[in-house]
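Quick heads-up: it's one chain on its own, the form predicted alone, in structure tokens.
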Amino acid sequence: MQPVVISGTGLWKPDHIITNEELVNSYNAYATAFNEANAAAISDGEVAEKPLSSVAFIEKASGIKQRYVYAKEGILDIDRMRPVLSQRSDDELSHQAEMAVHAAEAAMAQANKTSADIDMVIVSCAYTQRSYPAIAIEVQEALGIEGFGFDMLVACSAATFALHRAYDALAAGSAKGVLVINPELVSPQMNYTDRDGHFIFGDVSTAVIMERADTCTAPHSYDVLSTQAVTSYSSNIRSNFGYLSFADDSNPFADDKLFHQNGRKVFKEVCPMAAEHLHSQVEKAGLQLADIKRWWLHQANINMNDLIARRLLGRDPHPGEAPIVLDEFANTASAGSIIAFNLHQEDLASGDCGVICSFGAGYSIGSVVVRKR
């Protein structure tokens, strides 16, 4: 069988930035107004007081300093606390498909590919803006690709799970070129009135081209040595938004319908799970941990990344060994490890090995071991 390779990646980021200072000022103004309006109920113990936030709290808790957002208007408005998006007609390219096309075109250019070279499109992300028709099929049409496409939802592991699926299709001969896209439009699912979660996510779109080695003409490409995925059920990261709200008469925009998590439990449970997953996969690929030159880890929280790297290496990672991008991008759901790979891989030498890994709700963990050609 011809080796399967990653031959191109694409990264698209929105024009709008929200800094921690902007977010804190907005949230604190909202919390102060809320507490004043509900002073009596708070005093009687009927309503919980909203705690204030700070830039220092956000950076210590996450390592995040800013985030890109698809639409900034409305997020910082204490009377709205959510982005303002225009509703597009069925005949217009959807917001998420537009994001996807930007990243896809960048990946195709890097891989020296045209639409004729691709016959499978996977849009894989934490949320899609609708159930059907699939965003992937819309993107396929926009790019003029013949073949088939479908959407995958695996929360923050969506990108690596899609790479796994792409590898299987290429290895089986059911596809000749696969375009995997992660248009993470997460800001509309954020609860900007929650101090512990309002700073976590940003919007971005990434894309990856995978193909057989014999069709690859890219200047930088990577043999896929191993793919691995695992899931273990947990409700510690959850979003209950869905169409059943129409039938069960619940508020479709209540706090439980937006992103929420038990961060302490996630940290305690996912870190050792991810470290063990990566250790076992590297060994299954016939490598030692010392053979891995670059760890492109999921960008959720700098403290999680540091702990996982120390568990794997037995020491603090050297600069650039496990690159961090969440200070600029924040948590971008499944796209984080792909951003890290896109920005921190061309310096590797032929024969160098690395691991792309993401982990998140489910729980779910996906990883790909690669070697530069």
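All of these numbers come straight from a predicted model, not from anything done at the bench. We number the residues from 1 along the sequence you see.
The form predicted together with ligand CO8 exists for this protein as well; it is not shown, and the discussion that follows is about that form.
Taking heavy atoms only, is Ser234 within 4.5 angstroms of ligand CO8 in the predicted bound form? Output for Ser234 is no: heavy atoms all beyond 4.5 Å of ligand CO8.
Verify the contact flag for Ala361: yes if a non-hydrogen atom of it lies within 4.5 Å of a non-hydrogen atom of ligand CO8 in the predicted bound form, no if not. Answer yes; at least one heavy atom of Ala361 falls within 4.5 Å of ligand CO8 in the predicted bound form.
Heavy atom of Gln189 within 4.5 Å of ligand CO8 in the predicted bound form: Taking the distances in the predicted bound form, the answer for Gln189 is yes, it comes within 4.5 Å of ligand CO8.
With the partner left out of view, is Asp196 within 4.5 angstroms of ligand CO8 in the predicted bound form by any non-hydrogen atom? It does: once ligand CO8 is placed as it appears in the predicted bound form, Asp196 has a heavy atom within 4.5 Å of it.
Find the only residue in Ile324, Leu343, Ala61, Ala309 having a heavy atom within 4.5 Å of ligand CO8 in the predicted bound form. Checked against the cut-off, the match is Ala61.
Position in contact with ligand CO8 when the complex is considered in the predicted bound form, options Ile209, Ala162, Ala100, Ala300, heavy atoms within 4.5 Å: Answer to the contact question: Ala300.
Ligand CO8 isn't shown here, but in the predicted bound form, which of 75-83, 243-251, 199-207, 88-96 has heavy atoms within 4.5 Å of it? Only one stretch passes the 4.5 Å heavy-atom test: 199-207.
Though the partner is not shown here, which residues of 123-158 have a heavy atom within 4.5 Å of ligand CO8 in the predicted bound form? In sequence order, Ala126, Tyr127, Ala155, Cys156 come within 4.5 Å of the partner.
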